[in-house]
Structures are given as structure tokens and as C-alpha cells.
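Next up: a single chain in C-alpha cells, the form predicted alone.
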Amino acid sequence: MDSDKAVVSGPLVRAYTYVALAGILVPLFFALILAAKFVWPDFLGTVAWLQFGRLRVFHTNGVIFGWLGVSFFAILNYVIPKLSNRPLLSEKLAWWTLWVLVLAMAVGLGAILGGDMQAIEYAEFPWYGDILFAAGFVMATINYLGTIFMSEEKQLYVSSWYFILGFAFTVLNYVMANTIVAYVAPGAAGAAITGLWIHNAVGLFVTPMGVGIVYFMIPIILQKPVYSHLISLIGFWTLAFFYPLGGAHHYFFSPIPWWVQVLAVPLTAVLFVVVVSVVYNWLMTLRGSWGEVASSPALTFIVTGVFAYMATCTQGPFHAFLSVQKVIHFTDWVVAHAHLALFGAFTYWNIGSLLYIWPKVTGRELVSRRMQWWAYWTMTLGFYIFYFIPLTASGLIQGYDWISGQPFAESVVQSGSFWMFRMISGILMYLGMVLFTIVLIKTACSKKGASHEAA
């Protein structure tokens, strides 16, 4: 208990978490409007800032930066001090980082709704929003990596390796996307570099943060060591060496050089080693402890995310085969795949991690296990039954319609029923996220006895 108080700032974790919750509830609400537009195309048809082109960009940037980015930082405010056995390098810097990120989100997302954005996927913030976000991210990088490097621990646990990778690569990638692509390399060359940014935003920011967090959470919740530190480093170095080079698979059958597209195939396929080593390590750590999964909503969220991660990272190398791309390119299959990663895996990991951390940073026991389970089941039912499966099927129908020469309008008609399921899924997923938010807020406001591990 005393060591927890010495190294972890509970108010800091809580503040980041509240901002992250806003960062998912608002973009997810706009996603409901997007889903409704697939069913009723004229819905809100005369309101400029509520049109598809702006809402979709708001949703993607809000989820990646406002939800995943800030919730990662909330969790790192707990995990990195625990791993380093010392407080953050500067708690004051962490508070300033949060306010800069909040300003960046408000300015960047507001500009997107106003129609001022760059033509760079996942980096549509205008230049003034970019500068604010880059400043906040650099501040976070200095604080978190400084904490790791100033630690007196003689051996870095694998989670710290992943965090170092994620921060180092993302600083470089974000600058590359918002300078070279935006102002230096137009046309096909710019598109190829944009592909690297799209690819690496997921694989070299979101993935290292998420995987590093899970490598911390599973052993700490189960109170047992990770199965193999050696296997964990195999996954780490495979990700570090091969992931940065495969981004051209986002532009198969495009004007960029054919040899670049062909080279992306083996570079993507080898990433299967990452998922095999990482997931095997986690499952072997869970061996003999599966009974604890069923009794813990936090661990259930994390383990469900592990299986989603295994599925999406198996799909990725499979998608890299050009014969597969001919069918699924530009279809709803790709949309389902992207959400399997960012929602099914990483969002579930962050929810489970926050459920575990929250009693320790509030001094209160989590309220209502029933509400926690309702949050899990409404999200899981909504996502897998009403979103992932229907959109995967819709993508196959669209792809084969286009290959057979059917008019594009015919594929739209055939997709209509699947898009109705998509709207239902959005309602259920949003309800689950609201229930999760209520659990955290009610816990923080409750007067139940303090957790014995309070930070």
C-alpha cells in the first residue's frame, strides 16, 4: 500500500480516464449517426457539419487519439511507475500534457467538423491541430520514457520495451505524415508514405501500447509471472524489424510502383510470427487459471481482446495475398477487420485494464458487478453478432458482385440489410460503453470502504 502511494498518482490516472471516456462517447455517438446514414441516406442531409465526410473523419481521429491515445496514457500513469518503481519523471508535466492534449482534441476535431482538414488518413487535423497534438505527445514521450530510463531497476520488463518502441516510432511517424506527406511528396509518392503512416499508427503506436499493457495486466491480475520472457522478446523484435516496412499493403492495385506492392506481401506475412509468439505466451500464462477469467469482468475483457487480437492479426497476413485483395479491397470486410482490432482487441484491453486499476486509484471498490457484466455482454453481443459477422458477410457479397461485373448500385441494395444490423450494433456498443462509464463514475463517487491496494 505504501509503495503504491509513493509511485502512483491517483488523481492523475482519474483525470486522464475521464478525458478518455469523453474521447469515446462523443465519437461513438457520431458513429451512430453514420450508421443511420447507411440505412437512411438523407438523415440530417442539410446540416453541413453532420455529413458523412466530416463525421467519419471525426470518428476515426476521435477514437484513435481521444480514446485509445488518452486511455493508454491513463493506464501508463499507473503501469510505468509500477514497473519503474518510482514516480513519473514529472507529475506537473503529466498534468500539462493532459491539458495540451485536451486543447489539441478540441481544436483538431472542431476544425474537422468545420471542414478544415488535411487529406491524410488518420491525420486529418489541420496544421495547427497537428502542432498541438505533437507537442502533447512529445511531452508524454519525455515523461514516460524519462521515468523508464531513470529507474533503478536493472532489467527492463517486456512491457517497457514495447512502450519505448511505441513512443519512439510514433514521434517519427507523426512528423513524417504531417510534413512530408502534407507538403513535400504529393501524388503516388505521398500516397505510399501515407500508407506507412496508416499502417504504423496502428502497428507502432496502438499495438505496442496495447501489447505492453496486456503483458503487465495478465500476470499482475493472476499474480503469476509471464510464461516466457524470451518468447515475449521474439514477438517484440519481429514487430520492430518487420512491421514498419509493410504499409504498402494499404495501396494494393494502386498507382504506386508494383514492386513496392509485391514486397509488402512477404513483409506482412511474416508478422504472423508476432501474433503466434505473443498470444501463445499469454495463453500459457493463463494456463491453469481459466477459472479466474469467468469470475473477473476485467480479466474477461482482456482475454476476449486477446482472442480478437489473434483473429485480426491472422486476418492481416491473409489479406496481404493479392488473390484475397481482389475480393475484399474497398469492401465492408476491411471495415469489420479494422474494428476487430481497434474495438475488439485494444478497446477491450483498455476497458479491462481500467476496471482493474480503478479501485486502486480511487480507494473504492468497483460498484455493481452486474453492471460490469452487462457492459461486457452488450458490447460483445453488439459487436460480434450485429457488427463483425454481418459486415464481414457484406464485404464478401460486395467483392464478388464487383468481380462478376454487377452494377455498383446492385451491391448497395444487397448491403442494405447488413447495414441495418450495423445500426443495431452501434446502439448496443454505445449502451455498453455508457454502462462502463457509469461503473467508473459511481465507483469514484461512492462511499464504500477503500480498497486495500488504494493508490
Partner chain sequence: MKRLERFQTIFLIAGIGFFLLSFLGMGLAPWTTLKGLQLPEGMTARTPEEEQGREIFMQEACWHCHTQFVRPVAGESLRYGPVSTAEEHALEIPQLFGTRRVGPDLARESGKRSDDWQLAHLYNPRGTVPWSIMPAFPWMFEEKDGQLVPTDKARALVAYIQSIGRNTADQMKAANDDYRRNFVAGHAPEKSDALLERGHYLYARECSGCHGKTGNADGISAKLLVPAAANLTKIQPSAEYIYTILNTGIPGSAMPHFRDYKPEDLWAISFYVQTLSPETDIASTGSDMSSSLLERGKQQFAALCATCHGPSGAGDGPVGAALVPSPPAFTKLRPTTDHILKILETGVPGTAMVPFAQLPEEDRQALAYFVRQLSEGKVQ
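Positions refer to the first chain, counted from 1. Here the structure is a predicted model, which means the values were calculated and not measured.
One more form of this protein exists, namely the form predicted together with the partner chain; it is left out here, but the text below deals with it.
Segment assignment from 71-79, 260-268, 218-226, 283-291: heavy atom within 4.5 Å of the partner chain in the predicted bound form: Among the listed stretches, the partner-contacting one is 260-268.
Look up in the predicted bound form whether residue 423 has a non-hydrogen atom within 4.5 angstroms of the partner chain, and give yes or no. Close contact is absent here: in the predicted bound form, residue 423 is far from the partner chain, nothing within 4.5 Å, heavy atoms only.
Is residue 365 close enough to the partner chain in the predicted bound form to count, meaning some heavy atom within 4.5 Å? Taking the distances in the predicted bound form, the answer for residue 365 is no, it never comes within 4.5 Å of the partner chain.
Contact flag, residue 92 vs the partner chain in the predicted bound form, heavy atom cut 4.5 Å: Residue-level check for residue 92: no, no contact with the partner chain.
Are any of the heavy atoms in residue 186 no more than 4.5 Å from a heavy atom of the partner chain in the predicted bound form? Result yes; residue 186 sits at the interface with the partner chain in the predicted bound form.
The partner chain: the contacting residue among 252, 374, 384, 272 in the predicted bound form [heavy atom, 4.5 Å]: The residue in contact is 252.
Selected contact from 120, 279, 132, 311, since only one has a non-hydrogen atom within 4.5 angstroms of the partner chain in the predicted bound form: The residue in contact is 120.
Neighbours of the partner chain in the predicted bound form among 293-313 [non-hydrogen atom within 4.5 angstroms]: None of them.
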